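What follows is one chain in structure tokens, specifically the form predicted on its own.
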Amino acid sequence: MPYKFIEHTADVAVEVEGSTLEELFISAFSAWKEIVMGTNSQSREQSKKFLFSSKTLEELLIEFLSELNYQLYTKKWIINFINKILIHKVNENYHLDVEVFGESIKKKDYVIKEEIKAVTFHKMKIEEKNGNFSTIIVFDI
């Protein structure tokens, strides 16, 4: 499993990893989804594309995960699958181009397991060691 939950006193913390930055972001998505919905929703009825730009990889990951929250809690749309993801650096900024598939949660009787209020910078530092990227993400619940 490219992520594992770790002890945290009040929130949910997870350590994610990947052999590429894209895999790290997919691992973060998988952890987020398991926290909020479990792993049982798999529909790919609709796709959306998102573009993000940030000065750091940590900011980029926060923006991405915050968008997942926004789509779920405001748009009532759950992202079930990442179809394409590309991270690249141009000049001083990192860019994330991602295409996702998901579905409206209004149509079905979804149960949100845990509400994530925010994705925090606490303990987040994306590092590369021996060809693998990893970081810790703390979700404020």
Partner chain sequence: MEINGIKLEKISDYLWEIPVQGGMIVPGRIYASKKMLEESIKNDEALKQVINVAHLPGIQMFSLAMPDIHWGYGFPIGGVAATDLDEGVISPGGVGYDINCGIRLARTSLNYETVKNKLQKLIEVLFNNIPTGVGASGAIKKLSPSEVKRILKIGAEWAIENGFGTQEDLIFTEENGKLKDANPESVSEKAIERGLDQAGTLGSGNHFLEVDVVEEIFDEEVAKVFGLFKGQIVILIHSGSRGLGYQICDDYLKLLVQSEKKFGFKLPDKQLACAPIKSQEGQDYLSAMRCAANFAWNNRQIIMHLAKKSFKETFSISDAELDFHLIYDVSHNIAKIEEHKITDSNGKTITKKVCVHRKGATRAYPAGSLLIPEKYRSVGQPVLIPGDMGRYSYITVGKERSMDETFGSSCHGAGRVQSRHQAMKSAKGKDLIKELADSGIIIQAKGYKTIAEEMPQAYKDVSDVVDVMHNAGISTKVAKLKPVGVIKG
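Residue numbers count along the first chain shown, from 1. Worth saying up front: this structure is predicted, and the values here are computed from it rather than measured.
What comes next is about the form predicted together with its partner chain, which does not appear here.
- By the criterion of a heavy atom within 4.5 Å, Lys113 is counted among the residues contacting its partner chain in the model of the complex.
- Mapping the unseen interface onto this chain, Lys117 counts among the residues with a heavy atom inside 4.5 Å of its partner chain in the model of the complex.
- Its partner chain is not drawn, but in the model of the complex it has a heavy atom within 4.5 Å of Tyr73.
- Though the partner is left out of this view, Tyr3 does not reach within 4.5 Å of its partner chain in the model of the complex, counting heavy atoms only.
- Between its partner chain and the residues Leu96, Ala31, Ile79, Ile62, the one pair within 4.5 Å by heavy atoms in the model of the complex involves Ile62.
- Residues Val138, Phe139, Asp140, Ile141 are the ones in 125-141 with at least one heavy atom within 4.5 Å of its partner chain in the model of the complex, listed in sequence order.
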